[in-house]
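Only one chain is included here, represented as structure tokens and corresponding to the form predicted alone.
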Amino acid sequence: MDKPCAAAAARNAAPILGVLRHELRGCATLFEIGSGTGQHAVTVAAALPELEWQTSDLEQSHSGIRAWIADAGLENVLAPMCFDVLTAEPDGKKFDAVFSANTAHIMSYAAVRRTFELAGAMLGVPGVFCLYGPFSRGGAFSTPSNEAFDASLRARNADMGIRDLDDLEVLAGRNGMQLERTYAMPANNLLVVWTRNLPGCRR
């Protein structure tokens, strides 16, 4: 079958990979929340063959993800799990890392809150949670384009919208994670890294 292609994923693959090469060093297992087309999974997994990457999404996205996995021929990318953050329950398996890209602003805030709960439950110690997308901070947008994008999202669906990092830090703290680093990315996006560490340890 023809593979679905997200233009933004293709454009931003290299800078995302550059950050993840550093942040995922020493990680052996990763769970991706909302794999979308599957492009991020195969791009990063091809460059990090020692990392086992578990894809996931709603069932309607699975055929596209499977097509990207099949075309890439990678043994370290696992077939997608059916995963809805609002209904998913952790099964006890721990991962070294959790990753999600371009999801928080198209989810409801309840789903964002549940994403952080799931990440906290699924991460081992130490563990790293990497979240990519547009964000505001202290209620302020970094650029007029992000402010306009937020308005367009909320006009389309009142539950969507660019999330504020201050709010996300609170969610992370409630789930045993602390903000470690933020990376400026193309198109006014950020890649934000939270970690779950042993007491008194920084990653």
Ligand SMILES: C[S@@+](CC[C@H](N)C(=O)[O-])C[C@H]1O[C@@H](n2cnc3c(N)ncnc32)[C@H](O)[C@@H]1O
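What you see is a predicted model; the values in this text were computed from it and never measured. Residue numbers here begin at 1 and follow the sequence given.
The same protein has a further form, the form predicted together with this ligand, not shown here; the description that follows concerns it.
Shown alone, this chain has one stretch from 28-36, 46-54, 140-148, 171-179 that lies within 4.5 Å of this ligand in the model of the complex by heavy atoms: 28-36. With a 4.5 Å cutoff on heavy atoms, residue 85 counts as touching this ligand in the model of the complex. This ligand in the model of the complex is approached by residue 102, whose closest heavy atom lies within 4.5 angstroms of it. This ligand in the model of the complex comes within 4.5 Å of a heavy atom belonging to residue 58.
Within this chain, residue 125 is remote from the site of this ligand in the model of the complex, having no heavy atom within 4.5 Å. When contacts are defined as a non-hydrogen atom within 4.5 Å, none of 98, 163 and 193 contacts this ligand in the model of the complex. With the partner omitted here, the residue from 121, 79, 106, 74 that has a non-hydrogen atom within 4.5 angstroms of this ligand in the model of the complex is 106.
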